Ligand SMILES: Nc1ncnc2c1ncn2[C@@H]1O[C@H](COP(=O)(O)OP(=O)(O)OP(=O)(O)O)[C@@H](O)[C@H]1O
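One chain follows as structure tokens, the form predicted on its own.
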């Protein structure tokens, strides 16, 4: 019987001792020794890429390449070429043959992040790779065989995507052999304090500062906050606090208004005319997140309403040019398009300007 790996979370940058995270570590260690596909599920900022890295490095494939691809960062035509490569002359800018990411990952692991962003056409090609372990480069008819393990990740409910016709059910079952659900930070309890102290130490060192403790009242607010941006959001706020601190203490005044409780002021700040991209990005990905834990539906409705208004304002400010709007919002074009379609705002487009 094959032994399960012993996993040291800190080796992979994972901080947490909560019961949900211990289950993630257990499943990661068991899944790593197999060659089966793994599907990582969880909200943005929960650490899916870190778990993907752990799966590779704990596997028998750890001497091979670990190739990462963010499927939401490229339009379909470029993503096809990025994943599968192309031959010279297959399209206007194809000046030479190019090796794709699948071919480059042979003998190792490929991590497909935001797999939910792929088109149904591209999903057919991904399904073939999973089933037959072969593909053709763009513009070529010769098949290329690959020996690669696939780890995919999604930050949305794929069963809902399937029901709405945006994701192929057969691909889902091919990917969902070993699912691992990463818990949101709000369900990790004492892990929040562990992460705060970890990032205090990390950013104090990188910024040549000494911010070594956190004020009890500030920690209490952080424990009560719902963290829609998860660990990534917490990391951002701790780094900001370290840079701005005048003492060795992370105090309440160093935390943003969405954590300290003044959500109304935070919303007003967002809708004040500004060119500050970081402020816009922070609100888009964080929302008004001081809602009680038992008010999830109401919280979601509020965030959606404000996000729709914000997207409309940014589109108006950029004359409906989605590439400019996406840049100002700090998100990729595909993500912006999906949000615009969801809110019925997709009529604005570069081609119409």
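On a predicted model such as this, the values are computed, not experimentally measured, just so you know. Residue numbers count along the first chain shown, from 1.
What follows is about the form predicted together with this ligand, which we do not show.
With the partner omitted here, the residue from 204, 235, 260, 106 that has a non-hydrogen atom within 4.5 angstroms of this ligand in the predicted bound form is 235. Taking a 4.5 Å heavy atom cutoff to this ligand in the predicted bound form, the contact residue among 28, 59, 322, 46 is 46. Contact annotation: this ligand lies within 4.5 Å of heavy atoms from the stretch 193-201 in the predicted bound form, the single such stretch among 164-172, 127-135, 193-201, 241-249. None of the heavy atoms of residue 326 is located within 4.5 Å of this ligand in the predicted bound form.
For residue 231, a non-hydrogen atom is located within 4.5 Å of this ligand in the predicted bound form, even though that partner is not displayed. Using a 4.5 angstroms threshold between heavy atoms, residue 155 counts as touching this ligand in the predicted bound form.
Under a 4.5 angstroms non-hydrogen atom cutoff, this ligand in the predicted bound form has residue 21 among its neighbouring residues. Although this ligand is not shown here, in the predicted bound form the stretch 8-28 places heavy atoms of 13, 14, 15, 21 within 4.5 Å of it, in sequence order. Relative to the shown form, the Cα atoms of residue 338 and residue 120 move apart by 3 Å or more in the predicted bound form. Relative to the displayed conformation, the Cα-Cα distance from residue 339 to residue 122 grows by 3 Å or more in the predicted bound form.
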